[in-house]
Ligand SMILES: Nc1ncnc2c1ncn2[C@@H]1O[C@H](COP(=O)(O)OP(=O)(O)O)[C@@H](O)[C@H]1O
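Next up: just one chain, as structure tokens, the form predicted on its own.
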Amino acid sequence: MTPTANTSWIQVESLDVAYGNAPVLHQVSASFPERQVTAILGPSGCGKSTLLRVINRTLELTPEARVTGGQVHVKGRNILHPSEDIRSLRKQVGIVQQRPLAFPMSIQENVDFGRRHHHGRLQRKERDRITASLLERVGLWDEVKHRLDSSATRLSIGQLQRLCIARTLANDPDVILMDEPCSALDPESTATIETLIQELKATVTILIVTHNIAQARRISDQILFLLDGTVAEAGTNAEVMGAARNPRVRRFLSGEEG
């Protein structure tokens, strides 16, 4: 995938990943442009989520998973190098999971969790200002401003996903990885998240794994399509959606295969 006028902040070079003795990704190379939305598509089991987990170094939390070759650079740093500061990387490269998880604490404490972990506690006035700003940014402030001290577990699933995005934004990341963030949401909540993604790309580079072809058409600037752990297609939305060269990719995009 070659960026146009935008800087490529993430470069994946000849990446190989295995679970035990089973290869999952093979010689995957891709570039992800700054401040664009890249949709990562492909059938189940093709390695989409694995790729995200390599980029923010959470793959290694799975004992049998390992990178067996290649490099990943984020803003010029080889993040797979043994000397890499993983805590700093995960602050810079946030991740939003498929199922939103509220920590067993208040709404405000959820928003503040990551920022406090990386930067320490703030004075209450400044903390309240940042919380309000983040919740406004994800369109949640008006819905929760009168119950910030109540448990976040009482929120609807759509609200929870926006809360998780606010919690990620609290770390001021350069990149946000999203793994099927709308798969459990109703159409209204999905539309809200898609609008938010379009707003966020003004300041953040976004990689989103999705099975929803229509969603990828709506929100992505770039597309990376994986088949059997390899790159089958890569390019702009128009290039892949309108003129994919790989016949299996064309069948997938047309709904004949999935």
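Since we're looking at a predicted model, the values are computed, not measured. Just so we're on the same page, rigid core means the largest C-alpha set that superposes within 1.5 Å between forms. Residue numbers here begin at 1 and follow the sequence given.
From this point on, the text means the form predicted together with the ligand, which you will not see here.
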{"item": "The ligand contact at T50 in the predicted bound form, heavy atom, 4.5 Å", "value": "yes"}
{"item": "Exercise: G69 in contact with the ligand in the predicted bound form, heavy atom 4.5 Å", "value": "no"}
{"item": "Contact label in the predicted bound form: T62 to the ligand, heavy atom within 4.5 Å", "value": "yes"}
{"item": "4.5 Å heavy atom contact, L196 and the ligand in the predicted bound form", "value": "no"}
{"item": "Contact residue in the predicted bound form, chosen from S150, S156, Q98, S88 - any heavy atom within 4.5 Å of the ligand", "value": "Q98"}
{"item": "I219, C46, A232, L200 - the one with a heavy atom within 4.5 Å of the ligand in the predicted bound form", "value": "C46"}
{"item": "Is_shifted Q98 between the shown form and the other one (CA, 2 Å cut-off, rigid core)", "value": "yes"}
